[in-house]
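Given next, in structure tokens, is a single chain: the form predicted on its own.
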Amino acid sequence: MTDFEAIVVGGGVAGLSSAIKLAQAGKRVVVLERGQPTGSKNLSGGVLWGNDLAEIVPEWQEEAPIERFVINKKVGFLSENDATVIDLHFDEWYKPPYNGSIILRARFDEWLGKKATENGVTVLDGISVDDLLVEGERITGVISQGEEMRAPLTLIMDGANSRLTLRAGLRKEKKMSDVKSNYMLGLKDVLALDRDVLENRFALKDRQGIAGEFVLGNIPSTVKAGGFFYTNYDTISLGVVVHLDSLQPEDRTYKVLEKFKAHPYIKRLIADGDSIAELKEYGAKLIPEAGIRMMPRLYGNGFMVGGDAAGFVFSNGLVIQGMNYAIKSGILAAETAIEAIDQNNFTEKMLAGYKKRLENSYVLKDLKKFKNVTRMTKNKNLFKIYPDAINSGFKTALTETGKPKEKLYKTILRSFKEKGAGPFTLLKDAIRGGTNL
């Protein structure tokens, strides 16, 4: 197995997109994927935002196993029993090319793996890559169960918990505390709900879908977490994203998920009769949180890094995007690889073109623009004060008591003060958060 021009480690959307682009240029490429079949271990919430995949699979939104297309976006704050939710509806989103495609990764990635095969990619699933093959100052391939596979180029796209970048010393994390501060843990249930019930409950038709994200102010202890749900064809994906560095030894992440599911606003959405809808799937995954601050070396002699392995994820507490960055980075890595193969030059200087392409794309522009976003997303007030203050303030303002009403802003400000956020705290947090809006 020495005639491949590129080895791609990881059969997620980053690796497969990169491999398809390479194969379409006539390059010999192999994808090594740990899951069997391809995509079986991959997990997300999840919405694939944007249309980057059309560059390599033009009709993907018609061909892929997409559950629904987002037409409605909900953003909310949950306190113990109350909720304030902003409901956004955009008819234009339900026109091709669709802005947001709700997918289940195991199905979607298996389909994309088949598209890769159709394009001439050799896809080998059930292969666990143990290490990189290093000769001198150059990566020349990979090692799996003691066997070597060589190629002039290795594209490292093995996900958020990238063992290869860690072992090769490409990542910045050196201690467990570094890992905790750079990652979140996502937990997800997939709950069965009859299609007609789902569409009636959420006022949907055809393939319209809803994406909802929430700041959770109803979680005890020091835990900082957000919640999400996405309507699939006849199921609901529902879960939480927890900041790892907010967990105490006694905390249990599954209890965070159960608390989210039990909230009155969420419980009525996932009810099936008198009980919660049947659990069909359950999963968990690490999510890079620190963005550009945790980015490893992206390229060097004989290698490039992309997707979650490169930390290409954006989160501001209410929105999480990563699959679009993964696909785009995979395509840009392939463009650089094609040039390198054509020139038979696999040096660090040659592969620096990958980072230049990233800098010219929205991938690094977004991550640089929001590089300080964790100042807001890790702010304990966002979770421990503001949801309760927002809900209490609006509830007071909208409850009829038969007494004279005061101006709304005064009611809301008083609620914040009563919950522990006076004017100076609000001003400080507004400045901190405003730079990331």
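Please read these numbers as outputs of a predicted model, since none were measured by experiment. Throughout, we count residues from 1 along the sequence that is shown.
Although not depicted, the form predicted in complex with a small molecule is the subject of the following passage.
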Quick one: find which of 61-69, 386-394, 44-52, 405-413 has residues within 4.5 Å of the small molecule in the predicted bound form by heavy atom distance. 44-52
Check whether Thr336 has any heavy atom within 4.5 Å of a heavy atom of the small molecule in the predicted bound form, and answer yes or no. no
Would you please decide whether Tyr230 lies within 4.5 angstroms of the small molecule in the predicted bound form, comparing each non-hydrogen atom pair? yes
Is the gap between Asn345 and the small molecule in the predicted bound form 4.5 Å or less for some heavy atom pair? no
Is there a heavy atom of Met323 no more than 4.5 Å from a heavy atom of the small molecule in the predicted bound form? yes
The one residue among Ile287, Leu367, Leu358, Ala225 placing a heavy atom within 4.5 Å of the small molecule in the predicted bound form is Ile287
Picking from Gly212, Gly100, Gly141, Gly186, the single residue whose non-hydrogen atoms come within 4.5 angstroms of the small molecule in the predicted bound form is Gly186
